[in-house]
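One chain follows as structure tokens, the form predicted alone.
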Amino acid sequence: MGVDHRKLGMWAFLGSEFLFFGGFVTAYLLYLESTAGGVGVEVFDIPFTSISSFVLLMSSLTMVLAHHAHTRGDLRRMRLWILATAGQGMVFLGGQVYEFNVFYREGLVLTDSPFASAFYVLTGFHGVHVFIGILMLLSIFVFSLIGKIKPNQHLKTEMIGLYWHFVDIIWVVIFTVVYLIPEIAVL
């Protein structure tokens, strides 16, 4: 039987996205100390970002529950878990917007240093990916309401789930590299 070509295509796309983010993480690490005398990692609020990260990681659980409900043909529960996943993604994005505003007020401005540019590009691009994931989640919710997604079409939920898990995995890497590793180096 083999792997469905759509799923294989999604895996290939996600592989290229991992490489894409790998370049951004590498640039961030290269410019970690290049603050041009300005603000650096000292403005990060690890407890706040940890809570926001926890919310995003829990969204992987709700995504799994959505897919599981869809494989059982339970579109009502699938919709519930899809909305929960999208809601958690929105909470995460709201936290990121709040953080960016705080950082800006404290002097971490995109164009001030290579460090600031690398930080905003890396975390901002991730935020764009979360936003796209939310749009996909809301689309599948609406399509299931109007009958364009049937109980036996759970591959669609699985594909969005693969993308959503990718977004979460990338955030684990970003959170570790951006927020945790500099803190460990200070100790």
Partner chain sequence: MSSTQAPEHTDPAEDHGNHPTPRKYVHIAIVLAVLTALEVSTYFFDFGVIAIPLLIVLMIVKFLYVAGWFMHLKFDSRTYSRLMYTGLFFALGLYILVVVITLFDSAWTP
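Owing to the predicted nature of the structure, the values given are computational and were not obtained by experimental measurement. Positions refer to the first chain, counted from 1.
One more form of this protein should be noted, the form predicted in complex with its partner chain, which is absent from this view; the next part is about it.
In the predicted bound form, residue 39 touching its partner chain (heavy atom, 4.5 Å): The answer is no: residue 39 has no heavy atom within 4.5 Å of its partner chain.
Please tell me whether any heavy atom belonging to residue 30 falls inside 4.5 Å of a heavy atom of its partner chain, as the geometry stands in the predicted bound form. Taking the distances in the predicted bound form, the answer for residue 30 is yes, it comes within 4.5 Å of its partner chain.
Would you please decide whether residue 126 lies within 4.5 angstroms of its partner chain in the predicted bound form, comparing each non-hydrogen atom pair? The answer is no: residue 126 has no heavy atom within 4.5 Å of its partner chain.
Since the partner is left out here, which residues of 164-178 would have a heavy atom within 4.5 Å of its partner chain in the predicted bound form? Those in contact are 165, 166, 168, 169, 172, 173, 175, 176, 177.
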